[in-house]
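Heads up, the chain below is alone and in the form predicted on its own; it's given as structure tokens.
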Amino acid sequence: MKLNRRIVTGAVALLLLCSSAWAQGVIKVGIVGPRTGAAAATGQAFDEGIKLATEYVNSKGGVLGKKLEVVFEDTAAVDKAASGFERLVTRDMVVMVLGESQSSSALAEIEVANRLKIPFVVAEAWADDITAKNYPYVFRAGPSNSGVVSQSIAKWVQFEKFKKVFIIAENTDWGIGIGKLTENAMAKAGVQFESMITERNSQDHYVELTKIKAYKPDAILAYIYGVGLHYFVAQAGETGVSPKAVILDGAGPPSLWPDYWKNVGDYGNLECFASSMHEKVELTDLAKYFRESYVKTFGKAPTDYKSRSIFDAILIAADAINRAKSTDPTKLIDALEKTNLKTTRGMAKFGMEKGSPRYHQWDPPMLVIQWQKKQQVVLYPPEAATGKLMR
């Protein structure tokens, strides 16, 4: 049989590069996520988590007796996400890819992972379709739309006994998906609701807020990512919609970004948000280690929980490589499926229920937190609460 010369040449080059990386005493994993653009703060959080995780893993002996090295690819431009992911595999010769926080980017990247047969552990992109496609090479060690809605947001709405809510969601894969899931959850719970779609990068929500104000909701479930959320919170305060109607930021990190208070001013008080991290709620001893290491390294307390989610993803990858005793993709998939690892957010274990978004999915527990005089107060779940809702 005559082989295609290009395929043979590419295979030889790939083998040589893998051998070279092995000879250098390092094993590489790739990270994808936005370092520039509207969500650049996520890239900064990822960078912080990467630093702490690689130091932690390498202090424990690395992976397969070699140092773990991380290569970061900026995927801020969704139309370049797939090519960036592919570069990590073909140019940088990573054995696994982790990360991403934008669902539209992740949905493009999982196609590359499946085609190139490279394990991909998504950290913070929430769209259900990411795992619902049941690709064997795709895992998610982070929130999913359905998990966040069913386990946190819908239960919190019922816990607070809200009678009417307004759902506003951005026009992205994540926003539209989580908005529809929330509508279904509210209908199932018997909670009256109205909803609308908004432009993600809009700086003017006044017309939308006029409609919301006329509806007189008890709570507004806002699925808007980036600084667009800041505009919405500030303008809701200006128009008197909040705090009479409590705003819940269903994404989380934008309410924790350094420029949040600068952009929203006093209107940020009493706003609620979903998060997997709070300074007084530590689910494992590793969470305490992470916080102490973060403060020691960066001279401040961690705020954006995505630094911790990428930390966990790297630990999951290192654990799988070590248990697989190999960087062979098939063996890594098998090891990932058998993950039972303590992380900062609890025990990571991937679901194996095919035909649903639960396949290769681990949902870490989420908290509902409220800003009260610029202090974070956990409202839900009750067993983790550090205070009660203020209006």
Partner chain sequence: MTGKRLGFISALILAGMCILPLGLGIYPQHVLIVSLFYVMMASSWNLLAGYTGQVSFGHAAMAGIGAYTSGILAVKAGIDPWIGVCAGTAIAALLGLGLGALCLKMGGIYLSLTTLAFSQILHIVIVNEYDVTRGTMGLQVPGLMAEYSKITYYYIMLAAAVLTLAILYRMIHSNLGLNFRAVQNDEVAAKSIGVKVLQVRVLAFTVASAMAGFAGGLYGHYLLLITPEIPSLDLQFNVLAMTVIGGMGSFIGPVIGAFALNILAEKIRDYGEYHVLVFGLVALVVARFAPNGLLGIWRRFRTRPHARSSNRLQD
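Just so we're clear, the structure is a prediction, and the values are computed from it rather than from any experiment. Residue numbers count along the first chain shown, from 1.
Omitted here: the form predicted in complex with its partner chain. The next part is about that form.
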In the model of the complex, which of the stretches 158-166, 295-303, 227-235, 90-98 has residues with heavy atoms within 4.5 Å of its partner chain? 90-98
Kindly confirm or deny that 80, 86 and 115 each have some heavy atom within 4.5 angstroms of its partner chain in the model of the complex. yes
Work out which of 218, 73, 183, 208 lies within 4.5 Å of its partner chain in the model of the complex, going by heavy atoms. 73
So which of 28, 35, 358, 66 reaches within 4.5 angstroms of its partner chain in the model of the complex, heavy atom to heavy atom? 35
Do residue 173 and its partner chain come within 4.5 Å of each other in the model of the complex, heavy atoms counted? yes
Are any of the heavy atoms in residue 150 no more than 4.5 Å from a heavy atom of its partner chain in the model of the complex? no
Within a 4.5 Å heavy atom cut-off, is residue 197 in contact with its partner chain in the model of the complex? yes
Give a yes or no for residue 154: in the model of the complex, does one of its heavy atoms lie within 4.5 Å of a heavy atom belonging to its partner chain? no
